[in-house]
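What follows is a single chain, given as structure tokens, in the form predicted alone.
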Amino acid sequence: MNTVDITAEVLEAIWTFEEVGSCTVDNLKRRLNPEYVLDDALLSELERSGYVTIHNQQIGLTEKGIDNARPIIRRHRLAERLLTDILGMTPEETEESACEYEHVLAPGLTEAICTLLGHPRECPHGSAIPEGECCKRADVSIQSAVKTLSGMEVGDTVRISYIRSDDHVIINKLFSLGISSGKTIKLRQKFPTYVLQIDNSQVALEKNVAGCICGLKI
């Protein structure tokens, strides 16, 4: 692996640590060694290059580091969504392939994948996907394979890709009903309420709640 790839892995790892708190040099080394041979010389070079700051063993991304890490994180998490939503892999199966995709996806292809998937906000593991230019423009030039239930027909069988909502009450309600990423449901009714079949049970949902469910017709 060359220096550019190692730098990308370091920036990506720091980003993920900072999402849940902070990052220390020791934690970073444990995450990446021995695969990437992360030593003090490389960290010092990243600091001199303006990608990171290091103080009392705490390491963090600078603005330059964030700008370079963001597209890496975006490619990786969109690749995970592609593998789960379109190819039907489980979230646990996606990591190795997503790591490969993050290094080879060109910007135009990344935007096309994002549009195809309907501009998802989270990866299959629940981590935020950084917004791209296509999300800001709300591109619809490519027909999205992933749709909300309002775009499905009665009788369709749907594999849930993600729940699109910032309302934790709605999210918790759906989770309590067994409705989450990766589950398969059948749309039995759309009016006056949505009726979904999950395994051997049926549940009724208000239109606004059902509209938060995004999935792929199978």
Partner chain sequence: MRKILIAGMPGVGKSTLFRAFVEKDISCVNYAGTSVPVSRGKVKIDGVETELIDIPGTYGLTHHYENELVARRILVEEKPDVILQVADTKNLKRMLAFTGQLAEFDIPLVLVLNMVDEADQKGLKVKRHILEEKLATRVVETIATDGVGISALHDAVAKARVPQFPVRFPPALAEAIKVLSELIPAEIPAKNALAALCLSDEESTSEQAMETCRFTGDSFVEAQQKKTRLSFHKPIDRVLSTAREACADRLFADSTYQIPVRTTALIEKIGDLAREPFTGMLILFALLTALYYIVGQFAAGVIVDFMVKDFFGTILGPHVDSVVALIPYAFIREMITGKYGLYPLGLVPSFGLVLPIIVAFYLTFGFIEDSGYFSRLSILLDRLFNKIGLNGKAMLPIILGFSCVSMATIATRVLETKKERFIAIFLLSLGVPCSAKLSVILVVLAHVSIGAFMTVCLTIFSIMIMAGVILSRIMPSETSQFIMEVPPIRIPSIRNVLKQTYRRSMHFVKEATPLFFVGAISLFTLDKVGFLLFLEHAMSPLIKGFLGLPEQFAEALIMGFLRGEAGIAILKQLVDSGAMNTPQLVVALLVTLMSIPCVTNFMLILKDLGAKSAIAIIVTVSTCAILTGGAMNHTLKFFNIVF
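Nothing here was measured: the structure is a model prediction, and the numbers come from that model. Just so we're on the same page, rigid core means the largest C-alpha set that superposes within 1.5 Å between forms. Positions refer to the first chain, counted from 1.
Below: the form predicted together with its partner chain, not depicted.
Of the residues given (K64, R48, H55, R30), R30 alone sits with a heavy atom within 4.5 Å of its partner chain in the predicted bound form. With the partner omitted here, the stretch from 37-45, 168-176, 65-73, 155-163 that lies within 4.5 Å of its partner chain by heavy atoms in the predicted bound form is 168-176. Contact annotation: V25 falls outside 4.5 Å of its partner chain in the predicted bound form, judged by heavy atom distances. Proximity of S150 to its partner chain in the predicted bound form falls outside the 4.5 Å heavy atom cutoff. With a 4.5 Å cutoff on heavy atoms, E206 counts as touching its partner chain in the predicted bound form. The closest non-hydrogen atom of Q189 lies within 4.5 Å of its partner chain in the predicted bound form. Fitting the two forms on the rigid core leaves the C-alpha of E206 displaced by at least 2 angstroms between this form and the one not shown. After superposing the rigid core, the Cα of T24 is displaced by less than 2 Å between this form and the one not shown. Superposed on the core, the two forms barely differ at L11: its CA moves less than 2 Å between this form and the one not shown.
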